[in-house]
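Next up: just one chain, as structure tokens, the form predicted alone.
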């Protein structure tokens, strides 16, 4: 029995489908990364998994049953807004949530001061500690590392992996694509649907970009940058998506810009742009 099983889940707001026919599973000991751009439907899906929103169609099972208050006691949840009381200290927040779940408060050291006065990275760490105080079998984390430093993000991911290694199922949404490698499996959402799923290599496999390396890289970028073309900079290398290399090379040649043009593997960010468009 998987901690999370969703089948054909749809949520309409009027005629707008925020989530449209999504299937999702999360197994014990597994970290599933729910990725996608803002507005892709990640948070709406999470709220349905928790029973905070009812699906318009499809069904959701937590530990084999529909989401209920009792099932929620087996879940640790960190929402985007952290779910902490800003006018309480870290320790008071932890004591409050421990009491909600009838758990023993965390004995670890906590920072002094009101939560609202602490750095965001510290707030996110406290929110994570509050979510795991009752030793949940399932963790659902909605962009838990958003807005914090790379060092703080790495620390939070260490904590996430430790919970999975202890046997918890973990579903974590993120828009930081460099975090995708931390997950065992990825579910890529775009415009409310699952656009791709599998390992990082599964999703990116076979997708390419055209890399342009030129001394006059700024001119090359300006020349190739069109509204109907997906283009990015990686250092001083210009990367063009979904375009034949001979077309790119021809434009540069006609403009008198000497450049090395080659086909390279696409990144996950670039893959998301192509899939989501």
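Predicted model only: the values in this text are computed from it and were never measured. Residue numbers count along the first chain shown, from 1.
Just so you know, the form predicted in complex with a small molecule exists too; it's not on screen, but the next bit is about it.
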Original post:
244, 250, 66, 39: which sits within 4.5 Å of the small molecule in the predicted complex by any heavy atom?
Top reply: 39
**OP:** Work out which of 133, 137, 143, 184 lies within 4.5 Å of the small molecule in the predicted complex, going by heavy atoms.
**Re:** 143
**OP:** Give a yes/no on whether residue 207 approaches the small molecule to within 4.5 Å in the predicted complex, heavy atoms considered.
**Re:** no
Original post:
Taking heavy atoms and a 4.5 Å cut-off, does residue 43 contact the small molecule in the predicted complex?
Top reply: yes
**OP:** Would you check, heavy atoms only and a 4.5 Å threshold, whether residue 22 touches the small molecule in the predicted complex?
**Re:** no
Original post:
Using heavy atoms and a 4.5 Å limit, would one call residue 74 a contact residue for the small molecule in the predicted complex?
Top reply: no
**OP:** Would you confirm whether the three residues 157, 199 and 203 all fall within 4.5 Å of the small molecule in the predicted complex, going by non-hydrogen atoms?
**Re:** no
